[in-house]
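Have a look below at one chain only, the form predicted alone, in structure tokens format.
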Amino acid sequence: MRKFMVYLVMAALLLCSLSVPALAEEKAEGWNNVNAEGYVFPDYTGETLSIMWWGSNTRAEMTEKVIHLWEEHTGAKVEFEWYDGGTYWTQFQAKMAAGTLTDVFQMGNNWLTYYNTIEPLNEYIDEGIIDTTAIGPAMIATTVNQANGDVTGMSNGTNARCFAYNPAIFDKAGVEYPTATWTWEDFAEAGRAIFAETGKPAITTLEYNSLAYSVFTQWKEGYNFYSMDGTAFAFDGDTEPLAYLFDLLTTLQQEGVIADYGIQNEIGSNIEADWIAYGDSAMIMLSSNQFQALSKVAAENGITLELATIPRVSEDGQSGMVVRSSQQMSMWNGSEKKEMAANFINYFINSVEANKILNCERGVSINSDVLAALKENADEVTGKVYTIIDLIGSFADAANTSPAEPAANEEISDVLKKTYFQGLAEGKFESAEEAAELFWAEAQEIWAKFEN
């Protein structure tokens, strides 16, 4: 009799478990669409969420406004902190070591380095808490771990590395503006003419590792610095492209055309402090989403800036440029507020109201509804960002990128700039060719450390 009763209870439990999906609330696709008429925000009165990000003062002002809106909508309290790009990672690593990361944090394409801290968002997307009905698969893929399909965050927007320039200084020096296919020879010629005219460095800020990676792609079809899946180098150990760039940029810096490293390091990651915003240089390299903050300061000084592509090795060759996720909003896997964090990310990425404030400063929105609303009333500066992204996206090789930077990349790129680019400028190597060969040897050693 007792056995019969046990079997009966087990059967009843099994029947209940099988019935759960049928009894569960069915939610229509897009149920958490924050732009829908009559949308009701979740009530988080009395609860606190924490968030951290890096960026300019302009970004901080925009982000704080959006945070306060979400607080009003939900009753939540948001504790937030923000830093410049360099300080952010120091703080992030300290919090990671102490197990005190914020519930939501801004993450870059270096997310593989911090992968063990990230909560995959697949479950929250599948359940519709993070609404992706207006986000295409290609946009979601920019933040996916290709090895296992984990969605590591929601992209804050797409961007591309490019150049900003001051047309007035080009005019003064009698130099033609950059075109969509300008070359490194054009770049050098323009820089020298501007330096001769003004007596000041024509170029103040460059992302040396990004330029090196671009030149590898430009050098030969099929070349890339890293393979698409981020598991290997992809240029057959050919150091000629790097030697070419080493020689070109070091020569220009020694001539005074490019600002020395003292000036560049003083400017650092604070885009609003760059000389170009004050009329003291003609060109800088930046990420397209930084253009708004830079242009805001420049406009205060009566300066109008434009955007241009990265120069090419040859006019009819590959662009070496890509459109990718600028950064992403990710969730800490140690958070005790995961559903709340997912709702915040959903609002931050998908809300038209929020993104009219954020105004694509972190990159061009991945949500088609948001982008359509913003394009209707885009100001001139934002319109220039849309234009450059559309142009770069049209290049045949623009898809030649991996959505993630390998874990070794941070150390490799740091060594590339500080040991080799700066070392050449300081005369520590006999030639660009020697520096390129030594870098390649060291890059392989660094890669091996991360493989083991």
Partner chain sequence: MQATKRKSVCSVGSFLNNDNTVGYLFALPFILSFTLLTLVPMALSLYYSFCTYTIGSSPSWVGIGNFFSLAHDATFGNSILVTLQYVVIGVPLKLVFALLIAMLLTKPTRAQGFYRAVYYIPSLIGGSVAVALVWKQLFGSRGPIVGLIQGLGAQGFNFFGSTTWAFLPLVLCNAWQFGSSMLIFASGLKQIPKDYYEASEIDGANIFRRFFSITLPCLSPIILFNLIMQLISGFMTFTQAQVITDGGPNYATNYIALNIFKEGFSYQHMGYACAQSWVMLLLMAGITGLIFKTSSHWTYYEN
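Residue numbers count along the first chain shown, from 1. Because the structure is a prediction, the values reported are computed rather than measured.
Note that the form predicted together with the partner chain isn't included here; everything after this is about it.
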So, in the predicted complex, is D397 in contact with the partner chain at a 4.5 angstroms heavy atom limit?
-> no
Though only this chain appears here, would P42 touch the partner chain in the predicted complex if you measure heavy atom gaps against 4.5 Å?
-> no
With the partner left out of view, is D247 within 4.5 angstroms of the partner chain in the predicted complex by any non-hydrogen atom?
-> no
Classify K65 as contacting or not contacting the partner chain in the predicted complex by the rule of any non-hydrogen atom within 4.5 angstroms, answering yes or no.
-> no
Note which of A138, I357, A299, I263 lies within 4.5 Å of the partner chain in the predicted complex, where distance is taken over heavy atoms; exactly one does.
-> I263
So which of N33, T419, T58, S50 gets a non-hydrogen atom within 4.5 Å of the partner chain in the predicted complex?
-> T419
Are all three of T113, W275 and D280 close to the partner chain in the predicted complex, meaning a heavy atom of each within 4.5 Å?
-> yes
Stretch from 113-121, 288-296, 141-149, 183-191 whose residues place a heavy atom within 4.5 Å of the partner chain in the predicted complex | 113-121
Enumerate the residues of 82-116 that have a non-hydrogen atom within 4.5 Å of the partner chain in the predicted complex, in sequence order, or give none.
-> T90, Q93, M96, A97, T113, Y114, N116
